[in-house]
Structures are given as structure tokens and as C-alpha cells.
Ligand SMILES: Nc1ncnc2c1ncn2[C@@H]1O[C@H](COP(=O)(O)OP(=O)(O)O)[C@@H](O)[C@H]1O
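What follows is a single chain, given as C-alpha cells, in the form predicted alone.
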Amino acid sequence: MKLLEVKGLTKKFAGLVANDSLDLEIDQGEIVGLIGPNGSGKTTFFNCICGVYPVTKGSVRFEGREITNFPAHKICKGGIARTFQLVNTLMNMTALENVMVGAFCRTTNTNRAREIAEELLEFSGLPEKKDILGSDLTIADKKRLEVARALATKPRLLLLDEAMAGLNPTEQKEAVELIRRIQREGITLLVVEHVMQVIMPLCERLVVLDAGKKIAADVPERIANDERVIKAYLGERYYAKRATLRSE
């Protein structure tokens, strides 16, 4: 049984088809990348899986159960959590309180929520930031905090939407290490990302969208040499750079 099964998912906004008959299957324990140009439908796809947008047509199944068009809070309680393309930190709450918000998905006990939050701030590399307001954190720390808050809901599938955007190379490396730690905890990940030098070695498989359609799905090595993907997204410069590196 697949952890996530999406079949024929279509999302329309009036006359615009943002997602067009998309299929996706994810096995337990994988890190799968979702890439494509801006406007290709990646975040819309996340929103349909997570119940933010109603699906126009198609189905979403999680752990063998139909969850199509379930409300977002029910999908979260069912084991799917996500981060956002635009960081959604609760600015007037401390880092600890931000993560406690996620923990309240699983407990109504304030002391237990605090324990969970402290554990996840430690796991995410933010223990010393627990009393700092969300508004005062750096962009890198805000992204880590959002991951910690999502983890506090105890997901089995975590959707990361551009977790590397705006980070410098050192921060990107730290983010990759955090993602790998999350995978080692038994959590499956679906990752939207534009930083190709990060996502190519990180993911076991890549799915490529263009204009709402899936144009390729394969291991990174084949995706990097797929002419449809190069034309739609990676560009000839990426292909030439990759060829040069391989010849050295």
C-alpha cells in the first residue's frame, strides 16, 4: 500500500486549470521532490492535498483512506503536515509558543505541549531561541521554526514548500541535514524546491510540473538529462554546467 496516492487530480479556478489530471504515488520513507517553473501548480497541488483548496476532480488517498476534500484540520490530524512558501510564523508569539500551537493538534495538556515544543526546538537546532518572538527571528530560523511546528503535529507525511528559499549556502546545508534527520525519524517528505544543487542529491525521485501538467517523474539523474525538463525548467545553461562537471 502506498503512503500517498493521488489520481487524476485537477484543480480549476474559473477558466484556469492550475493542476491538470496529476498522478502521484509516494512510498513510506521516501523523500520526493516536486519541481517546475513558477506558476506550474506546485503550491496549488500542496493546497489540494492538504485541504486548503477543494479538488475539482480526482482523488487523494492517504494510508489507503480517501481524504479528498477533507477539511485541512482533519487532514492534519490524520497525519499530513506542511510548511508554507511564504513563512507563516506567528510573529507575536515566542518560538516555544509557535511550536506549542502545533503540539495542541495532539494534546490539550499545556505542560505536555510545552515538552513536545522544547524537544522539537532542540531537534531543529533552535533551543536557545525558544523565548524569542517570531518577528525577531532570522529567515533561516523562521523556516526551522515552521518545520518544528509542523513536526509537533506528529505527521507521517511532511510537505515542505521552498524550505531553502532565501537561505545562504551554509543555511541550505543545515536545512538539508535537518531534512535527513526528519527522514531518519520515519517521516516521509514531499519537497517543493528551486535550489537544484540541493534537491538533486537530496531526493530519491523527482516529479516535474509545467503549466499544471506532470511532464516527467524519475530519479534525479534521468530528470537532469530529460530534454522536456531542460526546455521547460532547468534550461540549457544547467545542462551545459552539468556536462562540464561530469567531464572533469
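All of these numbers come straight from a predicted model, not from anything done at the bench. The numbering used is simple: start at 1 and walk along the sequence shown.
One more form of this protein, predicted together with this ligand, exists but is not displayed; see below.
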This ligand contact at residue 109 in the predicted bound form, heavy atom, 4.5 Å:
no
Closest heavy atom of residue 18 to this ligand in the predicted bound form, within 4.5 Å or not?
yes
Does this ligand get within 4.5 angstroms of any non-hydrogen atom of residue 188 in the predicted bound form?
no
Is there a non-hydrogen atom of residue 29 within 4.5 angstroms of a non-hydrogen atom of this ligand in the predicted bound form?
no
Mind telling me which stretch in 218 to 226, 58 to 66, 36 to 44, 179 to 187 gets its heavy atoms within 4.5 Å of this ligand in the predicted bound form?
36 to 44
Using a 4.5 Å heavy atom cut-off, are 13, 53 and 85 all in contact with this ligand in the predicted bound form?
yes
